[in-house]
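Quick heads-up: the structure tokens below are two forms of one chain, split into structure 1 and structure 2.
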Structure 1
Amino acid sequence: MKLIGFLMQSSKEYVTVMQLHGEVALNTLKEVVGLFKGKIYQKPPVRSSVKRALRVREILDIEILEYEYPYVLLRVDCEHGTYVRKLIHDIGDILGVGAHMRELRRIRTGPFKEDSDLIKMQELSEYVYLWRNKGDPSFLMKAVKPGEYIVSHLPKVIVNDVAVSAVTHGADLTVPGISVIHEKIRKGDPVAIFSLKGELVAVGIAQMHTEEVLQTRRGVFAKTQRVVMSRETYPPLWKKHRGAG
């Protein structure tokens, strides 16, 4: 449950049906839809659970899969908190004919994809039955993902043992505690902090770009936001050192 918040804040991917209120040429449709890729301004619709304030959201990718007037099948990869219904309404306005969302299906949340990672509740019930009554946990083990999987889409940083013990006690991750950093990380990105053994320690928010880390030997690299590992896993080596590293 400690990691559910990061899953909810991850990017989402949808397949949706847009119904046009007037016919447009395919080339025109492609041109207008392409305008919505990238950062967009969006105000939540009237019937929504959040305050109707103008905000910025990012459309990572948007693709026309099929077009047969008046229906357009779209695939939308977007930042969390994007309202696809409002996106379609705005596309209709730019087209000049109007449009509304007819159907919507979410096919991915973070690393979880509809076609590869999900199982039906009936299947899960059967796996639990086999485990409890037949002593066979094999199917259940395949269905239940480890906590590390939830953050598999986040950039990762591997830290030394001293940093592990400090971070589990709530310390921020400092540059000296970093052992390996392979990925390009931007300031403000959520990052998954792993031990040298590949164990998930915590999730933090980067305070530096990767380039800054490579150019300095001190400073806070990530503010610890959610500790996952138990404090008892590693001895409190941090008491003998300064900071998380």
Structure 2
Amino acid sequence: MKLIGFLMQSSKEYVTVMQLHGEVALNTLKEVVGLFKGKIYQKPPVRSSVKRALRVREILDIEILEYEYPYVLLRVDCEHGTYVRKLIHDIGDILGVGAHMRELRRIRTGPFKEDSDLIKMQELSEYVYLWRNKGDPSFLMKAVKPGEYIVSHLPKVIVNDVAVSAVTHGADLTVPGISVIHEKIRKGDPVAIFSLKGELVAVGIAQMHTEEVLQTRRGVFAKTQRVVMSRETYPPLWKKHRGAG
């Protein structure tokens, strides 16, 4: 999986306008919308790019922001792959009046929010102009964040220089290479592996919980899944290491 895949698999947040096909009381609406919080079943719509099999998706949060019949403004925080259009149709069914999605805007993709660091296309082209024609890269440098931000929502581990070079050459991350670790990593979690300088080295899948790392002090902590850093960045230190040992 490409690095961007870990972002695609992250939770998404939307604001959406639901149009009701019949009037209901605010209390009823609140009650029914509340029922959709948690795990729900969804069958992908006819016009979709995935297999149309019933699947489970989690609605992490759903909130009514405004209600003025026939429009309901909703904020939905959900697992990736949730169809908001479908969700609204289903809410309409349970309400007994029917509903459809009128408008949709994504306000968050994983860690990326719709706030001050959101850049407009116009702004980007201005920043490129200032860089290329005026020799001032400072605006563009603020707009382009280090790629590490792509996985800023993942649990993280910081490893020593020897482990960095071994992992970039395709090795799995072993416990002795770990310097700093997030306290709550669970076996099976995707884990972002960082160097002592803060560079993203790779993304792996945890093979043990954090507590086990502290107890065992050996073995494979994470199976390397996607190497990000070029193998030329750090010299092949583990060879020297092995020779000396």
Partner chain sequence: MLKGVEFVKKLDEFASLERSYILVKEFPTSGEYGKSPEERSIEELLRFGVINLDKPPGPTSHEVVAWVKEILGVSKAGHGGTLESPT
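No experiment lies behind these values; they were computed from the predicted model shown. Definition used throughout: the rigid core is the maximal C-alpha set that superposes within 1.5 Å between two forms. Numbers given to residues start at 1 and step along the sequence of structure 1.
Visitor: Would you check which of the pair is the form predicted together with the partner chain?
Guide: Here the form predicted together with the partner chain corresponds to structure 2.
Visitor: Given a superposition on the rigid core, I'd like a yes or no on whether residue 161 shifts its C-alpha by 2 Å or more between structure 1 and structure 2.
Guide: It does, since the residue 161 C-alpha is displaced 2 Å or more between structure 1 and structure 2 after the core fit.
Visitor: Honestly, after the rigid core fit, is residue 172 moving at least 2 Å at Cα between structure 1 and structure 2?
Guide: Superposed on the core, residue 172 moves its C-alpha 2 Å or more between structure 1 and structure 2.
Visitor: Could you check how much the CA of residue 214 shifts between structure 1 and structure 2 after a rigid core fit, in angstrom?
Guide: The alpha-carbon displacement, core-superposed, is 4.3 Å.
Visitor: Fitting the two forms on their rigid core, what distance in Å separates the Cα positions of residue 205 between structure 1 and structure 2?
Guide: Shift of residue 205 at C-alpha, rigid core superposed: 2.3 Å.
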